[in-house]
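Taking the form predicted alone, here's one chain by itself in structure tokens.
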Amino acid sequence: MESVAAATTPEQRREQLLEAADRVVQRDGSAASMNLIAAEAGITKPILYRHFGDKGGLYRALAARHIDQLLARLRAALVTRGGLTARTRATVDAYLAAVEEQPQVYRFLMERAAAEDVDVRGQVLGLVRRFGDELAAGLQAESALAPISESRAQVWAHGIAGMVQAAGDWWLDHPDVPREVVVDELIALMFGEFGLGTPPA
């Protein structure tokens, strides 16, 4: 356990408590509790509640931290050069890499926080929507020579975002499947089986 050191401002103290909560989540995943987090921080639960209001407040702060980090990774992948296939592959891989690197965080957000707090559930759904919106913009930017309508780009992009999230949920329980295999199969589904690169008339 790493006790939280004294901070000079309430904002710094709150950030230190959030770091302690993050350590517990990364260690225990969906089993993380307020008692464990308070113990990790070396404080009592009432002090923890004083900084975050309630359990939901802490969950929302943790969700915001990790969702912002994931969105930054996805945005970086969305500017990958090499065409639509390369860009989509990089984006799918970025999402699954985040799941692979911090599986307990993913479990906590999807299985515990989103299930217990309606606002966290909204944050998670918002992540998928924002992922879809940005991917749609990327699809249209890549289609200058063969224009894709805005509605088609939105439908495809949000379908892809939901599919990748669902695949990530499944893969979390099947870690024996290599990440590159999951990425390859998703890309094959999008560009091979569904023919994303050659839209129907």
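What you see is a predicted model, and the numbers here were worked out from it, not measured in a lab. Residues carry their position along the shown sequence, with the first being 1.
The same protein also exists as the form predicted in complex with the DNA; that form is not shown, yet it is the one meant from here on.
Residue Lys45 is the only one of Lys45, His158, Arg27, Arg152 with a heavy atom lying within 4.5 Å of the DNA in the model of the complex. When contacts are judged by a 4.5 Å heavy atom cut-off, Arg65 does not count as touching the DNA in the model of the complex.
Using a 4.5 angstroms limit between non-hydrogen atoms, Asp169 is distant from the DNA in the model of the complex. The closest non-hydrogen atom of Ser33 lies within 4.5 Å of the DNA in the model of the complex. Not displayed here, the DNA is kept clear of Pro175 by more than 4.5 Å at the level of heavy atoms in the model of the complex. Looking at 44-64, the residues that come within 4.5 Å of the DNA in the model of the complex, counting any heavy atom, are Thr44, Lys45, Pro46, Ile47, Tyr49, Arg50, Gly53, Asp54, Lys55.
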